[in-house]
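Form predicted alone, single chain, as structure tokens, below.
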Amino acid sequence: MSNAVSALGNVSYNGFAQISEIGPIGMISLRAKPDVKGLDKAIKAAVGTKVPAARQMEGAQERFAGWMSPDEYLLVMPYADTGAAMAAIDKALKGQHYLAAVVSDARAVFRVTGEKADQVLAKLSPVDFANLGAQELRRTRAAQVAAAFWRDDSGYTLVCFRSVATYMMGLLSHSAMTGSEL
């Protein structure tokens, strides 16, 4: 097996906010109706959290579960843990209707940090950042790119398709240029 590499080699940019590509990160897309028997056990076994409420993230450190849609959850973990997490999901949901897929290599992950990190994303996304909750996951767009992001104590994590990683880095870097603050 080859070594995992990030989409852009962990490139970074420093402007009025700091942009860093932080992959590879383990991610599993879990599709299941919220009432599927064993869903709570599957998510707990995979990432150690409860099933997230609508538009919320559950978890801490490197392990999260995020609500992506009424029947989709994004499970985030260290890259090397996806195999064990998939086995745990399969065991907990055996006989149930669900779909789980490791999507780590299909995604690019960025961190936007700094006192004005929200301004970088506000230029690109139709989101009211003043009212974005502390554990809220937002699935939206950044310019014309499908993206999901959430806030933590030091900034935002943004996930998009790996195929648009270079474009996304350009958008984020341009939006963070010193002198372009809102």
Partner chain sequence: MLILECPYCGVKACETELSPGYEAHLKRFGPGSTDAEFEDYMFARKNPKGVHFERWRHTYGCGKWFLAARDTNTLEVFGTYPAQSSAPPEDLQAKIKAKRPDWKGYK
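Bear in mind the structure is a predicted one, so any value in this text is a computation, not a measurement. Numbering follows the first chain given and starts at 1.
FYI, the form predicted in complex with its partner chain isn't displayed, but the following is about it.
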Touches its partner chain in the predicted bound form: residue 140 (any heavy atom, 4.5 Å): yes
Could you confirm whether residue 67 comes within 4.5 Å of its partner chain in the predicted bound form, counting heavy atoms only? yes
Given that the partner is absent here, does residue 126 sit within 4.5 Å of its partner chain in the predicted bound form, heavy atoms only? yes
Determine whether any heavy atom of residue 60 comes within 4.5 Å of a heavy atom of its partner chain in the predicted bound form, and answer yes or no. no
Okay, which stretch from 132-140, 42-50, 150-158, 109-117 lines its partner chain in the predicted bound form, with non-hydrogen atoms inside 4.5 Å? 132-140
Would you give me the residues of 140-154 that have any heavy atom within 4.5 Å of its partner chain in the predicted bound form, in order from first to last? 140, 141, 144, 145, 146
